[in-house]
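Shown here is one chain on its own, the form predicted on its own, set out as structure tokens.
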Amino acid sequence: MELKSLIDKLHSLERKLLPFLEKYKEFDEIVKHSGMQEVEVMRALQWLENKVIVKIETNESKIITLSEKAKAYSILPERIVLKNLNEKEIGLEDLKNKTKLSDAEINISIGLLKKRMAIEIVKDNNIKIKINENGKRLIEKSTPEEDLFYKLLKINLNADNLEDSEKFAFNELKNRGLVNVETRKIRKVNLTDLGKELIKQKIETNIIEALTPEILKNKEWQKKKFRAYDIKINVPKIYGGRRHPLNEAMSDIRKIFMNMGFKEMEGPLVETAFWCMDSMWIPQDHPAREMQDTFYLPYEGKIPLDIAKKVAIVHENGGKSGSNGYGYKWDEKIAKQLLLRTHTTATTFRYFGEKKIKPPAKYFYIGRIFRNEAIDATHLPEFHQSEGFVMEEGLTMRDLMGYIKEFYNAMGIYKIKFKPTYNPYTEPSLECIGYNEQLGKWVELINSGIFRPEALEPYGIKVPVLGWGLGVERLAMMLHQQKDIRNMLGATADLNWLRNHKVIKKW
């Protein structure tokens, strides 16, 4: 770029700052002598660096400063004590009144002076102190600690640049709480070859940055130059708002189910054990209810007593479901326990009981759930599930597999297999696995089945109900080729990836 063209594009802050860059190198010095605000200097330097006019070097340094306690002193306490001593013995109380120092300051000073053999302590009925010959000589010269203290009263020092004698003095002052060490970033600014050429040129500082009504009215534009705008210069990237990849996956799930004719459900995060477990025929002594799996709250909730009576009968003896039940006495108090829901199937059974769903019906739900699990690459204590059910006369396992294949095909996942599994509230039950081309292996996709008669009996549902639940984070991980669930949800996700991720629709 020609110098004239480059000069025409300089901002007024850059023009104002340039004359100071030949003489001053450190950022703080530039701010001090330029008379510009720190933020203005930093902005101008960044622009100049983008134009390859300067090179900014940033190094970390340990800076020594006086503590607030030390800033209250003009001289150190031991010097005050020494100046108030003579060959005549003086008691501690009199010394305190004479010096106006605190007990702690008196004690520290006496300890230091005794260590330097500058005083003698006489123990009579009361402790008395007097100066000796070494002390008289000490009055005539300062100690290394004092030299460092006086230096710090004027300027801050770099810990890496201390002389050997100063290092010992620094440790002494640090042990007394009189100095602090702060890690600071030291910025140095060096002119490039282009910059050295540029500062030799005559650079006009009185230019027009932006056109205003006043400039037009006063015709200032006839007397001044306009700054040229550099439309090719590198500028910091601005990240606009965009959807989180997890929300993108949820949005895709929602669109697919709605395109398949499903309606969306909604339900609470805090549930009773009744809706989360009892209502779907999970026994009250099931391991999933234990504290190590479930987040319980120290409160009781309300349950629908009419439905609860029917659920109790099915648990105890099977009722009219054709089952013998679990054969135990159902406890209403256990069912009233409040908890953070462990699965979204609780919402499905709420709809069975509260909405009185009648066939034919197709519903889905996307919601957050909570499980007391250790955090690792595939587990979090909170995550999201997508739940769904279809209720209609004559439904079979073939229909269930058809719905699942249709859903995953819409997601771009085509290699799918099914295998039998176990669920307490579905029979038969199916697990679906899909082939992940990136990982080169088959992975679990979804758990599903046909709800058992015992689970449906309390709600008077006599037709087959197909149900399923899938982990949204795991599906999103596959779509975005992520191997750690913490990249999909939580504060440890990579911010740069969240800003720049691309959606992968097919495996």
Partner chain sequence: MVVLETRHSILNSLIGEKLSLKELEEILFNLGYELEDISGDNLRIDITAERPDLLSTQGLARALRAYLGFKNIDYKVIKSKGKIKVENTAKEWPFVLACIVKGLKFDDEKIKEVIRIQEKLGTTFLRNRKKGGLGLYPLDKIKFPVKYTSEEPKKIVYRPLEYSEKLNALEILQKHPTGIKYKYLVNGWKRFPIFIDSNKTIMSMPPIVNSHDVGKIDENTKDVFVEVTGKDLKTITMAFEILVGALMDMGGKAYSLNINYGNKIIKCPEFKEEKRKLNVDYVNKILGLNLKTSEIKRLLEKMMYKIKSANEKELKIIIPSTRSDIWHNIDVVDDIMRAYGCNNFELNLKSVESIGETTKSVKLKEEISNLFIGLGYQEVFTLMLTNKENQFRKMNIEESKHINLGKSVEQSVNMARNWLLPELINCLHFNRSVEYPHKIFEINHVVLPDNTRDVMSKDVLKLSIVNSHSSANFTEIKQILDYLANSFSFKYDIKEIEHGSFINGRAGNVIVDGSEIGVIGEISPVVLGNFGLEAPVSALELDLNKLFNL
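Numbering follows the first chain given and starts at 1. All of these numbers come straight from a predicted model, not from anything done at the bench.
There is also a form predicted together with its partner chain; it is not shown, and the following applies to it.
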field: Listed residue that, although its partner chain is not shown, lies within 4.5 Å of it in the predicted complex (heavy atoms), from 270, 139, 203, 191
entry: 270
In the predicted complex, the one of 177, 111, 394, 236 near its partner chain [non-hydrogen atom within 4.5 angstroms]: 394
message: Please tell me whether any heavy atom belonging to residue 13 falls inside 4.5 Å of a heavy atom of its partner chain, as the geometry stands in the predicted complex.
response: no
- prompt: Though only this chain appears here, would residue 254 touch its partner chain in the predicted complex if you measure heavy atom gaps against 4.5 Å?
  reply: yes
- prompt: With a 4.5 Å heavy atom cut-off, would you call residue 216 a contact of its partner chain in the predicted complex?
  reply: no
query: For residue 227, is any heavy atom within 4.5 Å of its partner chain in the predicted complex, or not?
result: no
- prompt: Counting only heavy atoms and a 4.5 Å cut-off, does its partner chain in the predicted complex sit next to every one of 58, 73 and 168?
  reply: no
- request: Quick one: find which of 141 to 149, 398 to 406, 156 to 164, 193 to 201 has residues within 4.5 Å of its partner chain in the predicted complex by heavy atom distance.
  value: 398 to 406
task: Pull the contact list for 295 to 317: residues with a heavy atom within 4.5 Å of its partner chain in the predicted complex, in sequence order.
output: 295, 296, 297, 298, 299, 300, 301, 302
